[in-house]
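Just one chain is shown here, as structure tokens, and it is the form predicted on its own.
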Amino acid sequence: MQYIPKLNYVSDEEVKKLHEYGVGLLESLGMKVEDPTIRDQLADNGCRIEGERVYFNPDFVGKVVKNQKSKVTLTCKASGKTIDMSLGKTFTHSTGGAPWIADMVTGKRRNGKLADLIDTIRLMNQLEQLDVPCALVYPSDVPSEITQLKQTAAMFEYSKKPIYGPGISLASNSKYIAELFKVYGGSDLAENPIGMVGISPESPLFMPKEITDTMRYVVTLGIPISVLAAPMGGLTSPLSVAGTVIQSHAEILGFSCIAYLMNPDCVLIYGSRTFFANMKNTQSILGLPETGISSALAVQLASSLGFMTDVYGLSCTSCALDEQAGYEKMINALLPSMAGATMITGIGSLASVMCCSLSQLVLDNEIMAMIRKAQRPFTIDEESLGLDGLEYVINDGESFLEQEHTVEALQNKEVFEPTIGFDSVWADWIATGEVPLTKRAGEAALAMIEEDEIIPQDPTITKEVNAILKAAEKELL
């Protein structure tokens, strides 16, 4: 018999009711859709149109939900690394787009640069618990008009894993990012995707034309998309966990219906980004336990419909690599992981994802290793319980140290072994110099970057990428 840990916040009946509420929002309150062509297409599918507001047909929504994909394989062609994502498995990706990075020398925050972005990619190549790297930092030394494009180009050039491109919000960048995907992935992107991107509807229940134009470039190619609905409780959604989750649900369903019109075969991932504000100053903070609770509830809801999920996560409000960062990240990643999230984000982030850190990447890698241990299923039988060994110890006076079961358990990592955390006694702590965890993490990060061997890029690809970047610069700068 096998036991797999699983967290359910509500009953199956309540999950069904939550979905009905979400569909009801789309039917009764509708979604503002600026693009008239899309409104006409939605009308052809039974939706009611009043001005720019679309009131969705529940039958059409149901058709789109049934069409969703529950698995996808991402491949990095340079290294051959594959990620087989599906319901029931949990993967990780770093946060994306932090404007600041913690300097490795001073420890102070500063604006991120392109060299920092490359360092984070090379470090993420070496982190065992980081499955799909994202563009962790916005490079301030790149013009903002082409930042997302340059991030994507750097990811493809240096990553040895399938990439999670930046959250795209500009159609002008989306056009060229799609070209980069074609250069690196070839013409079979839908069949053999080399990565994914994120695109966000706006809250509450709004699809600007800029976003639907952005969607067209990537949806039509079949590039997998995480639908990053990001309502903020108390500011752009109701100040309750359930209310914010339901609004996010409705926004993701509305986005999915529009994507279906563009390409019904495109893989969509349920990227619920449920945020909550400090109502004393109206600032979004990601260390609250409500982040993990709402993410876990969203996972339960989405999984019941067959959606793969992408949620926070290893996030924190803390602005330092300290105890607060540790306990906030653990609670907010553990809850959705135990609920069965397909992807957990936030790795490497600080200060509500406004800052990132090489050291924090290493620490989060360890946190995720512990969470994956907590997710590990139990096999309950006499062999797994070690009853033969117990019998030898009791009846024959043997010790557990010499039992075959003990050796096998160690080989199977029955007991967690940290890679960066201290795991001995006080005397050893003194003998090893009482080196703080943050210092060990920083040293490990720099060592891993040094160990990362850059894969030479095909000169033909380099030439094509340079041509795309030059064309973008000519058009956008």
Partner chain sequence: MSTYERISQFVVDGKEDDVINEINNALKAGEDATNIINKGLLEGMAIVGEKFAKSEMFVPEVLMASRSMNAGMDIVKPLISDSEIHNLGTVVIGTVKGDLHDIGKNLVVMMLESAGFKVVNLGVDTAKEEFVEKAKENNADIVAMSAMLTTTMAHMEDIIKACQDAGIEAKYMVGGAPLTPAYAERINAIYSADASTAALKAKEII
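For clarity, every value in this text was computed on a predicted model and none was experimentally measured. Numbering follows the first chain given and starts at 1.
FYI, the form predicted together with the partner chain isn't displayed, but the following is about it.
The shortest heavy atom separation between Gln148 and the partner chain in the predicted complex is within 4.5 Å. In the predicted complex, the partner chain lies within 4.5 Å of some heavy atom of Ser144. Among residues of the shown chain, Ser284 is one whose heavy atoms approach the partner chain to within 4.5 Å in the predicted complex. Residue contact with the partner chain in the predicted complex: Phe181 places no heavy atom within 4.5 Å of it. Out of the listed residues Val105, Met279, Ala115, Ile380, Met279 is the one that sits within 4.5 Å of the partner chain in the predicted complex by at least one heavy atom. The single contact residue among Gly306, Gly88, Gly243, Pro99, judged by any heavy atom lying within 4.5 Å of the partner chain in the predicted complex, is Pro99. Although the partner chain is omitted here, in the predicted complex all of Tyr138, Pro208 and Leu235 have a heavy atom within 4.5 Å of it. You can rule out all but one of 157-165, 355-363, 200-208, 262-270: in the predicted complex, only 200-208 has residues with a heavy atom within 4.5 Å of the partner chain.
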